[in-house]
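Starting off, we have a lone chain in the form predicted alone, written out as structure tokens.
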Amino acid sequence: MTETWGQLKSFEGKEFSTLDKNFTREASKLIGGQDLTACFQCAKCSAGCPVSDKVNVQVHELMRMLVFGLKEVLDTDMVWLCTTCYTCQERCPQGIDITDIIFGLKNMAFKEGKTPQGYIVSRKGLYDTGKLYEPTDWEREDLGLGDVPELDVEDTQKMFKDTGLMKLKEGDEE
């Protein structure tokens, strides 16, 4: 696959860094990550994945990258395009918590600043307005609805500050 739906491109022709045992150890500490080595690459996870035709790395390949300690796994489309439908996890004959591992990878990628632009915009919108999407007046008018009520975003902003969700990296201003 040479192009993907997401912002990331194919790994075709890319040379990967050497295996990083520390990264594998870190990934195995993720929720569900203790089962990483149980994956025997049957690819049932990838076969059932609804976004498998949109990503540059399939789920089973992502799992192998983790075992091999390839930190480039954080650069894959799969990390951000996973729909969290849990199909991969349900299909896994080894019972690996794949979706939970992918959630952890999103957190790791986020901390390293490897985040799609749309995520950053959505996060700011949620912080500022309490909404991921701000409907336009004409959309509401077409449906016969009144103005969108203003939300009290104080609790949302407090949660974002308490969890550090407004910072991409340590040292970033909130």
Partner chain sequence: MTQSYEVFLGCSIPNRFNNYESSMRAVAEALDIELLDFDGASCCGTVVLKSIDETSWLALSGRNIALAGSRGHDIVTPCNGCFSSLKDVDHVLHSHEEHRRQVNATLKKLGLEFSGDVKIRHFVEVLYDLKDQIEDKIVHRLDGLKIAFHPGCHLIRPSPVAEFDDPELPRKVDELLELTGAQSVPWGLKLRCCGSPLLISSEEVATSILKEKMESAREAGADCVVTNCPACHTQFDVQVLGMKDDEGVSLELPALFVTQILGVAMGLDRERLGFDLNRVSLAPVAEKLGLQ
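In this text, the rigid core denotes the largest set of C-alpha atoms whose superposition between the two forms falls within 1.5 Å. Positions refer to the first chain, counted from 1. All figures in this text were calculated on a predicted structure; none of them were measured in a lab.
Same protein, other form: the form predicted in complex with the partner chain, not shown, and the subject of what follows.
Interface membership of R25, defined by any non-hydrogen atom within 4.5 Å of the partner chain in the model of the complex, is ruled out. At a distance threshold of 4.5 angstroms between non-hydrogen atoms, D20 is out of contact with the partner chain in the model of the complex. For the chain shown alone, P135 is a contact residue for the partner chain in the model of the complex, at least one non-hydrogen atom being within 4.5 angstroms.
R64 falls outside the set of residues with a heavy atom inside 4.5 Å of the partner chain in the model of the complex.
Along 134-158, residues E134, P135, T136, E139, R140, L143, L145, V148, P149, E150, L151, D152, D155, T156, K158 each place a heavy atom within 4.5 Å of the partner chain in the model of the complex. Once both forms are fitted on their core, a CA shift of 2 Å or more is seen for Y127 between the shown form and the other one. Relative to the superposed rigid core, the position of the CA of V148 differs between the shown form and the other one by 2 Å or more.
With a cut-off of 2 Å and the rigid core superposed, G118 has a Cα displacement that reaches or exceeds the cut-off between the shown form and the other one.
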